[in-house]
Each structure stands twice: as C-alpha cells, then as structure tokens.
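One chain follows as structure tokens, the form predicted on its own.
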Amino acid sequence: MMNWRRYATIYAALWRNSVVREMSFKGNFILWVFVEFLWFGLQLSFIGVIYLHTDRINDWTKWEVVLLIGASHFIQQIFQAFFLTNCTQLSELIRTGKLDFMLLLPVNTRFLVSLRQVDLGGFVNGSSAIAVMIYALKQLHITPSFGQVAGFLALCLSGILIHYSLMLLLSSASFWTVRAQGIVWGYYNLFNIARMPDSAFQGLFRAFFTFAIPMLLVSNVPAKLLLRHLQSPLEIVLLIGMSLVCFALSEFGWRFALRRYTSASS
C-alpha cells in the first residue's frame, strides 16, 4: 500500500508538470486540439460520402459506423493523452543519455518512461468522441444500460493497453537502432484500420489484424457491446486475452532490451 501511495504521489507531480508545460505554450495546445477536431470531422465526412452510395457496409448501418469511429477516436485520444508522447520519445532518451539518469532513480523505469508526460489535448478531443457516440446512439434509438457503459469503458481500457503495449514494444527497437520513430509512427498510422467494421474484412487480412496486430478488436468489440451486436461473449474474452498477451510481450521485450543496454556513454 505504501508503494502504491508513493507512485501515486510521483504521478501527481508528473501531472502538475504536464499542466504547467501545456499552459506555457497555450497557442500550441489550442492549435493541436483544433487539428485533431478537424481530422475527426474529416473522418466523419468520409463516412458520410460513402453512405451516399450504399445503405450498409456488410451489416453496419451509417450511424453504427459513426459510433464505431467515435469509439475508435475515444480510445486513440485517451491512449494519446497518457502514452503516445512518452513512447515516441524513448529513442531520444536513449540517444541523449537521459535514460541513464532514469535508471538511477529509485522508481520503476518503465513507469517513468511510460507516464512522465501527459497530453491534456487528448482529453479535450476524447470528449468530442463521446459527444459523437451519444448522438449516434440517439439516432439509433439505443439507450445503453449502466452495465453496457461500464463494460464499454472496461473494453476501451483493454484496447488502450493493446496500443500501449505494442507501441512500447516497437519503441524498444531504439536500444539497437539510432532512431525508431519511423516504426512507432508506422504503427500509429494503423489506427485507421481500427475505425473500420471488422466484417468488412475477410481472409488473411482479417486474421492478421485480429491475432497478430489486434487492431480490429480494439474498437469493434466495445462498439458492438453498445450496439448489442456481439455474436458471442468470446469476442470480449478475445479482446481481454489479447491485451494481456500484448502486455506480457511488451514486458518481456522491455526487460530483454534493458539487459542489453550499455548506456549512451559506452
């Protein structure tokens, strides 16, 4: 319990530092929020154009896909708020030698590397995703129960854990390369797949993005829970199971990389 309180105190200090940093550059904060709003609007506009020419994408109607995009955007923004900046900066910590200093601190290094900065704009943009989901549910005349909402949030956490685990695992390649931002941002671009209905994909592509890189699970399963489209409880089990597998792999990869780290001064 004392250990948990200690880490909570450390994390509160990291939050305060993040707030001070964001408020020191208000123009950058507002601009980034605006860009994310614009990008989200373009995604919704794209879906609107598609549904001018069809009524369904397989068994997904227009407003169901809008809710799916909202769920995907919500997961992405919360992940971005907590983890994206930290994962992408790992290579710089290694290159500049700042990781050496972190390894000497009496705290878990993965905790510090993963959570030292918070992107407050992610919470603002996540709220827009919630508004879109609520509007889509009203258009569908669906009122989710408390259990469905709680289950949705829990599944979103599983999706965020998948994104974090895989991105940290890819970022760990920085221990052997000069920079790994290309690999990390390449994974970030795969987020677009999570916005599409899983039933629109078949064969090897669907299998790969379900079991190798589980992008199709991240947003589809939480959205299906709200829409009452789950074909089987096994979809929930699969999402949670894959999140735990991805976290275990990231922990193994992180420890393996650290054991072979020789510091920037070597």
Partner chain sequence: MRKYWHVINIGIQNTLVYRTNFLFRATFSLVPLLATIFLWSTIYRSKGSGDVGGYTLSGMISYYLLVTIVDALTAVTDDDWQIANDIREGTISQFLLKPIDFLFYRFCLFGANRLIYVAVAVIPVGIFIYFWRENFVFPATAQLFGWFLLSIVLTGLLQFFMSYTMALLAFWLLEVSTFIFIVFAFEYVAGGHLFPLNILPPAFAAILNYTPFPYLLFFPVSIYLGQLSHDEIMRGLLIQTLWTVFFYGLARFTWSRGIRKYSAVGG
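Note that the coordinates shown come from a computational prediction; the quantities given were computed from them, not determined experimentally. Positions refer to the first chain, counted from 1.
The same protein also has a form predicted together with the partner chain, omitted here; what follows describes it.
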**Q.** Site test, F111, L249 and A257 vs the partner chain in the predicted complex, non-hydrogen atom cutoff 4.5 Å
**A.** no
Q | Option touching the partner chain, based on a heavy atom within 4.5 Å in the predicted complex, out of L140, I193, L161, A129 | A | I193
Q: Indicate whether S145 is a 4.5 Å heavy atom neighbour of the partner chain in the predicted complex.
A: no
Q) Can F211 be called a contact residue for the partner chain in the predicted complex at 4.5 Å between heavy atoms? A) no
Q | Exercise: I57 in contact with the partner chain in the predicted complex, heavy atom 4.5 Å | A | yes
**Q.** Heavy atom of W32 within 4.5 Å of the partner chain in the predicted complex
**A.** yes
